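We begin with a single chain expressed as structure tokens, specifically the form predicted alone.
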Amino acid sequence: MTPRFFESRRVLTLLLLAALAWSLTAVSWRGDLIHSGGFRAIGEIFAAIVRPELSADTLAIAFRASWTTVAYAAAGMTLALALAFPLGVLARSTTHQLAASIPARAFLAFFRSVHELVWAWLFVAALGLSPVAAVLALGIPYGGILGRIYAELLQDVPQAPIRALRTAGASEWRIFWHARLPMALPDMLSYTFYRFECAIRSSAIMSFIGLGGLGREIQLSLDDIAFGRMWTFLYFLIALVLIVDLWSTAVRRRLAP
């Protein structure tokens, strides 16, 4: 089958190369393109990678900041799941629920079209430096992303069991609970865990706007030129992501037939 024009690898490659060439024209190649002390600063930062600060005070701060980061990520993902599952179910493209599919997809597109940092600025402006701002800023866009993926996974399950149940007279909701959801659940869980990893990183990044957590501590360490302490917090962030990855692997193995 001949691929459609915009799905052709050659066309996509040419479009990406054209975008790269166009972006390079926007760079000012005159003057100091790189900060004169940049290479020295990079050297100092990476020299500290093997010398993290492991004092009791720094470790205590790292554990507290890690807890804050995980709490924001977990609460944000809880809100995201509360939005994503019902909207994802409604957003499936089926003739049986077309009237619900279109508005559900519109809501999901709206939620995910705005980056979590933009949501964070909006909610901080409205609510102040509150944990609620961080949870809403994570939950809304992640709900949109998860909902869209859930809709696609629920729609793309093998159709033979669906047809068999429909032929036997099963209702659409029985088909959903006994066929679509069980078949899509492993992939849905896998993607949800991946998004939880992303939520931890996003939670740390949002800390830079003053919401607390590992990102805030990393920023303060950079301001103080304390690169050893900065790497301590970065190692804690990496450890959190690895823990979620191991957890995800264990859950997928238990669900595997």
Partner chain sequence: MASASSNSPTAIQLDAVGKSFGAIKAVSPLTLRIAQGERVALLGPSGSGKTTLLAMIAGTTAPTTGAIALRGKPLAGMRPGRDLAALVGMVHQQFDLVPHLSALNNVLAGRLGQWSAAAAMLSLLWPRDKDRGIAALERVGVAQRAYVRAGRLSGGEQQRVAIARLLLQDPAIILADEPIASLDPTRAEEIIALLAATAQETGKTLVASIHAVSLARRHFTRIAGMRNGAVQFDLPAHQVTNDLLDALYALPGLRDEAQSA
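Numbering follows the first chain given and starts at 1. These figures come from a predicted structure and were not determined experimentally.
Just so you know, the form predicted together with its partner chain exists too; it's not on screen, but the next bit is about it.
Its partner chain in the model of the complex is not approached by residue 90, whose heavy atoms all lie more than 4.5 angstroms from it. Contact annotation: residue 182 falls within 4.5 Å of its partner chain in the model of the complex, judged by heavy atom distances. Contact between residue 106 and its partner chain in the model of the complex is not found at the 4.5 Å heavy atom cutoff. Within 4.5 Å of some heavy atom of its partner chain in the model of the complex lies at least one heavy atom of residue 170.
Of all the residues from 160 to 190, those having a non-hydrogen atom no more than 4.5 Å from its partner chain in the model of the complex are 160, 161, 164, 165, 166, 167, 168, 169, 170, 173, 174, 177, 178, 179, 182, 183, 186.
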